[in-house]
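Only one chain is included here, represented as structure tokens and corresponding to the form predicted on its own.
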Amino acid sequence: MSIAVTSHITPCRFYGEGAWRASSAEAASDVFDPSTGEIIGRVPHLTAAEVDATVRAAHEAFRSWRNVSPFVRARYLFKYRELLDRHRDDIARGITREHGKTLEDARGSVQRGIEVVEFACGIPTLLMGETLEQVSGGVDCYSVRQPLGVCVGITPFNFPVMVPLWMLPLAIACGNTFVLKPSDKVPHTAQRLVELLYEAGLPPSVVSLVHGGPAQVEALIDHPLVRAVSIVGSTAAASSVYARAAARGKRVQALGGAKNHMVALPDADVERTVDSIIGSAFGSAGQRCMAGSVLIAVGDAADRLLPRLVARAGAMRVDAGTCEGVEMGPMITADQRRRAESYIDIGVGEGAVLALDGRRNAPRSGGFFLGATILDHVKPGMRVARDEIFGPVLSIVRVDTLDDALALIAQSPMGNAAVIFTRDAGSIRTFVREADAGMIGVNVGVPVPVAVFPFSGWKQSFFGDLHAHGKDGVRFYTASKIVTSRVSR
């Protein structure tokens, strides 16, 4: 594939020291339109001095921002929410251009991000402490929640709006300042998010934007003025950031990878279950940590579901996310596509049956496309059953009983989500109680919690104590202070 010359492309700006700036860094990387393979931008890898100056400016801004009333902070977020809503279609189109996902999928992710902003608008109530008077003679005790300082968010390519909005609204609502380091694959969307914040009137350097790769991430983690780090990435990236940041005494919230299981019992409604599996396994080309990548079929469930599943997945329209009627867009890069394709060969080599080959159902000209792929008769020890592929590849494992399915879920080192499809109330109750994952779906393919609940991955899908958004998010971005007070008359 030929690649366009990049000399005419202006590198992305960053926001530091209270202004939009062009980086002086020589290092940069290309940004692609995944649907065409064309280069659409250049993202600079900021110099160490630029990262340091940005953090120091955020620290200075924190001195005054922490003293702004929570009601006033909420008003900025109300304005921000209205701007996001007004520009949601343009934002969604920006996501599709950089990431490749369908416009429908992009719009849905923008909405889920806006819901966290709406939750953060309730910060005056969310920050309220507790009081107990007369704990001893003339002594009262109460608690307050106070901001930490400079907080950092390291966000992935697959949700360029939703994941940053899991973090920054709550961080700044709690009185912190925030430095966003987005994936270098989707920098323009992050830039637009920050532009709208300042259009809402936010004071300078309350939110900053830096670009780069691993070196810039390490510089942020190591910076002595950074107090907390949030990351969403692979398990390897999350565990590495967690270890590095925790060793430096920082608060860490590290969301890692996943290998999510969907369990189908013989009594499952075929049409609804197939639709849910298609959306879960192949939505966003399988590039999300809540994708259902393993279907555990109990008893004869596979024989009932597979013909309809293959027909439905094989008929999916795979094309650019802006095309009318498209159901799945491209993968983010050529390397990501090659990796997913390699797992198809690995699965077949290990003995799986290739029920649907997505390599045959993708546009041939340009772009990083791969169609929906289904591997049947996968055994639990195979790599396609264990590894996070992060692509549109569904593995079907056949077992005899629900207990067998629960045992397979328990064996997985990751524990983001698990889903059951059935009409049997007893099986549902057993599954909800015993499935070894933090987010459970009952006849729901993608059980992402709404903003008022935390995103609760378990095991190697999460490193830390307090999860993203919900009340956990408020606790993560604040320190609890307990006051014991005796006041003389």
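Computed from a prediction, not measured in an experiment: that's the story for all the values here. A residue's number is simply how far along the shown sequence it sits, counting from 1.
Although it is not shown, the form predicted together with ligand NAD is what the next lines describe.
Of the residues Tyr80, Phe368, Trp166, Phe119, just one reaches ligand NAD in the model of the complex with a heavy atom at 4.5 Å or closer; this is Trp166. With the partner omitted here, the residue from Phe431, Phe455, Phe62, Phe32 that has a non-hydrogen atom within 4.5 angstroms of ligand NAD in the model of the complex is Phe455.
Shown alone, this chain has one stretch from 157-165, 125-133, 96-104, 263-271 that lies within 4.5 Å of ligand NAD in the model of the complex by heavy atoms: 157-165. Taking non-hydrogen atoms only, Val241 approaches ligand NAD to within 4.5 angstroms in the model of the complex. For the chain shown alone, Ala237 is a contact residue for ligand NAD in the model of the complex, at least one non-hydrogen atom being within 4.5 angstroms. Using a 4.5 angstroms limit between non-hydrogen atoms, Glu388 touches ligand NAD in the model of the complex. Though the partner is left out of this view, Gly256 does reach within 4.5 Å of ligand NAD in the model of the complex, counting heavy atoms only.
Shown here without ligand NAD, the chain has no residue in 302-332 lying with a heavy atom within 4.5 Å of that partner in the model of the complex.
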